[in-house]
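This document contains two forms of one protein chain, each encoded as structure tokens and listed individually as structure 1 and structure 2.
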Structure 1
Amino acid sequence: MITQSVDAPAGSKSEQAYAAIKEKILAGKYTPGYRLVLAKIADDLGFSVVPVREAIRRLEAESYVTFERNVGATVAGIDPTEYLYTMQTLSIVEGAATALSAPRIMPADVARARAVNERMRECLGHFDPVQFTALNLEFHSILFENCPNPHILDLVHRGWNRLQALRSSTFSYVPGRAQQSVAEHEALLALIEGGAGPDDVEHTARAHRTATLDAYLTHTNHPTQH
């Protein structure tokens, strides 16, 4: 749930160009390093270059796009250090939010989360990391959205927004982690169904997030800072 700027009127050509380019970046169609040729994008959208240039400036301000000398606008790469800090923070605040939500999670919520997790399991055979990551957010949202503390919940949303801005699906790098993640989801649901205490729920939720981070750091040979 990325927060959108309101500096351009909804439905304007600049807004439409912004949404179209951003959607392709988040969906992985424009990968890190992909050159954004303004004239080509404008032609595809049926616009002049002006609204496309405005859209790309907005995306640059949001760190989706960078400008390189003699190259122009390109899709920004993933910063491993920023990813590390974001995941470390998210493990703490999401773990707390999930623990606080647990007593408020009803059987219908558990059933909904389990259905999402089953869709994730089905994805494993024809793995699509972008779809899997979207389902992963849907699963976790069911577990943390009942958090009664709005400040903690806001921090969780900010963490997930930042991950979207980084466009980083850990599962693109370590697809084997996806199967482990699905199993850990089921274990977390079992804890909540069994009425486990908040400390156990928080510990399990944090360990789940940290395991994903560790898998990424091991793959990229990035030094850990736990």
Structure 2
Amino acid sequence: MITQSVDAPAGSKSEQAYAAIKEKILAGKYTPGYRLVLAKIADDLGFSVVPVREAIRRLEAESYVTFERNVGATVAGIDPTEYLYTMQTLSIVEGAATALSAPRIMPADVARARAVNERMRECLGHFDPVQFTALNLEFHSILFENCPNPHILDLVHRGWNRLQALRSSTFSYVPGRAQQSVAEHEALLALIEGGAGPDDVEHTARAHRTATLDAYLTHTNHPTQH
């Protein structure tokens, strides 16, 4: 028997609420500091407060929102330090995921990744941050998606999500970094094609992200961490 109606969003209401709120945060409709009032959100969605509350606690566990007892939830803060921490963490887990993934990457995958990178190169002229970011994620996804360890993969996905949330609301791009990024992508692909060892792949992948972080720190004159 078919229990799932065709047009209903999948899952329970708490899951729908989770997805809806998360999407609004990532889309920048709920900006950081925005007060998430249970009753209001419940009313907007047409649900009661219980599933909404559950969704918010889940978002809290994933650090999308901060929660204070008897006060409520607000969209999580996004100071530059947070960006630094997120990028640093992502550089580590993504580097590892890419290295673990590398032996399973087929020539066809490399070709796809290269095609994406070429589209990024074409973007450089009429620069569109949103499109460039989307292509960047697509490129790296091809490189790390074959990672056989689901825990690491999960950490990578969380890092990208968090990064997207931070970027959409606060940070702009560092001039000149995009071109460098495209070149580093090509170098990374060459390395994988050449059958480089996992240590080399990991080091290069991590360095790629670290370079982005450094560019940001230099650009914004952020106090270097100790």
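Please note that residue numbering is based on structure 1, beginning with 1 at the start of its sequence. For the two forms, the rigid core is made up of the largest set of C-alpha atoms that agree within 1.5 Å on superposition. For clarity, every value in this text was computed on a predicted model and none was experimentally measured.
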Lone-chain pair; form predicted on its own identified as structure 1
Rigid core superposed, CA of Glu54 - does it shift 2 Å or more between the two structures? yes
Core superposition between the two structures, C-alpha change of Met106 at least 2 Å: no
Asp199: CA shift of at least 2 Å between the two structures after core fit? no
Could you check how much the CA of Leu26 shifts between the two structures after a rigid core fit, in angstrom? 5.3
